[in-house]
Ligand SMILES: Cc1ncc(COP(=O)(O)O)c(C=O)c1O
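Given as structure tokens, the chain that follows is alone and in the form predicted on its own.
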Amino acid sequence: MTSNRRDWLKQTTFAALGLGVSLRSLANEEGLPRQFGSELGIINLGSNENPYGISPNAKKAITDLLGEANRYQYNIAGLKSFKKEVAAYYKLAPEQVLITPGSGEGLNLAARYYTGGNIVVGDPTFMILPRTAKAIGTKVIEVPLTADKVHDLNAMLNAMDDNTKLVYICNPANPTTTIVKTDALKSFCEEASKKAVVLLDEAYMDYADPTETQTMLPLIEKNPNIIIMRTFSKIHAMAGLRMGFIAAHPTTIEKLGADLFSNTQFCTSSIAQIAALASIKDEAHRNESRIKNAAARKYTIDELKKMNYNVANSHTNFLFFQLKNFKGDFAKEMLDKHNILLRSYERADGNYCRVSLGTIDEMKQFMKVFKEKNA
């Protein structure tokens, strides 16, 4: 009966999420919520979440605010300066910031805003922006990554033409975990922004080594054609609370806010806002998350390399590697047979796996299964 109930829960959950019962290839960012994991016995390594939870300070802030959850955000005294405080933490002015419910909605709206031409992206990349663009009929020029799975900046520049409205770069990259070096990316932004808007998705920047790649936030001071997306979903562990922001030159923020983005801050909850304010003040929690993530990352990479897998040098909280001679839908097999949720991609050069970094115990369980499959 326990097995039947687990299967039923798994099936109904997937159906509710619009994924289909079999949850075939998870080469998208829809997935099984972590809270279902214990009920289904599933190890959720598919959504690049922070497995260590939100800051204790954020938890307290949420609890303290529950008595005012009946009020709109703008009627809560503690949130009057929300955008100002977020901007100050990132050394920005409030007029350089536009609050969004996570970075996902910002990417979705950006694809709808920058129409009437083409959009240049890396291939593969995080799919929300190119997927939305294609859905509404915008031409998307997909530029293959280098052999090392890094954005090919020269090729992306060459792919731009007079009709290019937007260039999108995810750095550190999803799904490939790689980075573009600071100087190279800065030069690219300066050159590409002469022809079109450059949108940089920095969702995983908090996990990257600052000696290797850095935020491009300083560029928005003088350049209205550079937009930065940030999210609280990753290092801040607020994926379910939906909080993020767009950073850009004030003139760009004004244009976006007067159009499709006019309601984005109102679409974030008071609970998400108060949690974000508490989280940015808790550097200890973020450092602890980085340290634990680095340990799980090193362990898993070392184990995979012992098996002669070529794993990209991850600058994120997930790993990306080719599955050698595996045939079929790896994500489906890992879920159906082993209750491990991850992502798999069928590419022209073979099948790939993207596995999120869970706790060290979760990664040991993943490696146990993975070794058994490769025995």
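One rule holds for the numbers: they count along the sequence shown, beginning at 1. What you are looking at is a predicted structure, and each value in this text was computed from that prediction instead of being measured.
Below, we turn to the form predicted in complex with the ligand, even though it does not appear here.
Of the candidate stretches 268 to 276, 300 to 308, 85 to 93, 229 to 237, only 229 to 237 has residues with heavy atoms within 4.5 Å of the ligand in the model of the complex. Exactly one listed residue, out of Lys149, Lys165, His285, Arg242, brings a non-hydrogen atom to within 4.5 Å of the ligand in the model of the complex: Arg242.
Between the options Leu107, Leu199, Ala248, Ile119, the residue in contact with the ligand in the model of the complex by a heavy atom within 4.5 angstroms is Leu107. The ligand in the model of the complex comes within 4.5 Å of no heavy atom belonging to Pro124.
A residue is said to contact a partner when one of its heavy atoms sits within 4.5 Å of a partner heavy atom; Thr178 fails this definition for the ligand in the model of the complex, lying far away.
Taking the partner from elsewhere, Ala133 is found to have every heavy atom lying beyond 4.5 Å of the ligand in the model of the complex.
Although the partner is absent from this view, Ser289 stays clear of the ligand in the model of the complex, with no non-hydrogen atom inside 4.5 angstroms.
Contact check at 4.5 Å (heavy atoms) against the ligand in the model of the complex: all three of Gly102, Cys170 and Ala203 pass.
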